[in-house]
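In structure tokens, one chain follows: the form predicted on its own.
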């Protein structure tokens, strides 16, 4: 019981500090000039270096989903021709943005926490404060803007990879014509908006949580490792919770 209470206390402190960092990030975004060169450097780290990771993950996920959906359709109805129409809304609303967010939280969130945490334990962040450069403005804000720009783009690429892989599997396993597979009759405009909103929200939340974890690092290399672990766990949990909240709100609005 005591361990559970301690864990809950740490989670509350992490959430409170992340909210503080998020508020400061928005403040500096509105009041301080934006270093575009730093933003583009971070956009390259977030976007270009994550493309292959996202394409492979969403591609295999699309293949697996269509394979299993096709098997079930054949078992129940004896026809797998509507597998594309059945899976595309789910990919757009859920798997595309959410899996992309989890992949970015895993790869980018750990990198942010490790880099910022290393600067904290080596007193580089203290040097920034002494020179008049707020750490949140200098370290978190460029990563925040970069993630907001790149995560929706990565989600679009991931959805495309899932669609193409699913089409290939459906044609190879169930002889579904690609023209028949590309059936968007069940896709609604709200599905697209929901997916993009989730991607934008994840892009805003992941760098804030990872940056806060890095800024709270203490105690040398061991502290950096703990900050990195907190970043990936908290960011991944935030993605899942936000997926539920946004998805639930969208369902209520649709009904």
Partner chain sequence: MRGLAARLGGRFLDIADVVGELALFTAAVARAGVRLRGDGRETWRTLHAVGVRSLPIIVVTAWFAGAIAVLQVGEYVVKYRAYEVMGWGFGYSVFREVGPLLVGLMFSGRVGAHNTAELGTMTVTEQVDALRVLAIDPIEYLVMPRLVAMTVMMTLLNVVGDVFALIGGMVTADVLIGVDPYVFWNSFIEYVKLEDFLNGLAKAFSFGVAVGLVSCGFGLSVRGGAPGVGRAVNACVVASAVGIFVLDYFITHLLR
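From a predicted model like this one, the values you see are computed outputs, not experimental measurements. Positions refer to the first chain, counted from 1.
Beyond the structure shown, there is the form predicted together with its partner chain, which is absent from this document and is the topic of what follows.
If you check its partner chain in the predicted bound form, you find a heavy atom from every one of 52, 110 and 255 within 4.5 Å. In the predicted bound form, at least one heavy atom of residue 95 sits within 4.5 Å of a heavy atom of its partner chain. Interface membership of residue 63, defined by any non-hydrogen atom within 4.5 Å of its partner chain in the predicted bound form, is confirmed. Using a 4.5 Å cutoff between non-hydrogen atoms, residue 201 does not count as a contact of its partner chain in the predicted bound form. Using a 4.5 angstroms threshold between heavy atoms, residue 236 counts as touching its partner chain in the predicted bound form. Though its partner chain is absent from this view, in the predicted bound form it lies within 4.5 Å of a heavy atom of just one residue from 150, 169, 80, 159, which is 169. Think of it this way: in the predicted bound form, its partner chain has a heavy atom of just one of 196, 56, 39, 29 within 4.5 Å, and the residue is 56. Of all the residues from 230-253, those having a non-hydrogen atom no more than 4.5 Å from its partner chain in the predicted bound form are 232, 233, 236, 237, 240, 241, 243, 244, 247, 248, 251, 252.
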